[in-house]
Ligand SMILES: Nc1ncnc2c1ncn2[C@@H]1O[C@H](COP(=O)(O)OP(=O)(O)OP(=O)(O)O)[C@@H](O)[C@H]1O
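Starting off, we have a lone chain in the form predicted on its own, written out as structure tokens.
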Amino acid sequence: MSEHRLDDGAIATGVPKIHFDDVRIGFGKGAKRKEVLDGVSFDVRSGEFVSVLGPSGCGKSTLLTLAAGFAKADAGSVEIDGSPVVGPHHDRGVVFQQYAIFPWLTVRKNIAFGLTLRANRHNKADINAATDRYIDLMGLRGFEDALPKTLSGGMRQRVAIARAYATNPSVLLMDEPFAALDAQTREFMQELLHEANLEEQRSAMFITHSVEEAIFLSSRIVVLSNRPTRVHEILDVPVPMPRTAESRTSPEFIELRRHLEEVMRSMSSFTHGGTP
């Protein structure tokens, strides 16, 4: 088993942060049963940002719900830090596509919420320090006492991401958190998340339909096939870090985007009756 030394001096083993091993799941019974995941295996390593890309309906979000502990696979295994996932746990921060924050709580109280729960309760000083840190990291200073109804969609997602970071999770699980945003806000949020991840170095699994988003954010991309779903390919992203708006026009970015768009187009043609 490999190991490497982290910046704080701790030793990290080669155990992946997230491990999917031959995961299989379907829905329905008898003739109506639909197989979704058909032997999916891949890892997310320590400090790695991995995007999961694939055609609509292939089971990307199902993978995330399995990692979050909201569902159980029919076969195979899902592990976090080498331990089987048996249900939800505070070691996983989850960000959904919908704005899953409490409308009756202020920005500050939403971010602090996970640190007040019995399973992960912290003292007041630690809660305030963590909340202040992620208010600043997500550019929410000046909006601490605002209610969600007064915020734009992008700012609400900043609150959701800050809340996920604040609980100090082992892994972040993000299910298309920017899908509902307009194109300009979406690019801004990608850049903000990229900067935050460079600073935090969290292990993350990010579900997306967007080729460009996957390239911009990720160190690796897992491409899934049509159903019944398997891993089509896993690609390293060669675009240098840190990434900026100019990275989107680099030769490495453009070439990888071309390849992935061709792959996604071929899957779309197959889905709609074309030649695979």
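On a predicted model such as this, the values are computed, not experimentally measured, just so you know. The numbering used is simple: start at 1 and walk along the sequence shown.
This protein has a second form, the form predicted together with this ligand, left out of what is shown; the following refers to that one.
Although the partner is absent from this view, T249 stays clear of this ligand in the predicted complex, with no non-hydrogen atom inside 4.5 angstroms. Using a 4.5 Å cutoff between non-hydrogen atoms, G57 counts as a contact of this ligand in the predicted complex.
Within 4.5 Å of some heavy atom of this ligand in the predicted complex lies at least one heavy atom of R227.
This ligand is not shown here, but in the predicted complex it comes within 4.5 Å of a heavy atom of H209. Exactly one listed residue, out of V239, V50, V223, V36, brings a non-hydrogen atom to within 4.5 Å of this ligand in the predicted complex: V36. For this ligand in the predicted complex, the listed stretch (215-223, 240-248, 26-34, 40-48) containing residues with heavy atoms inside 4.5 Å is 26-34.
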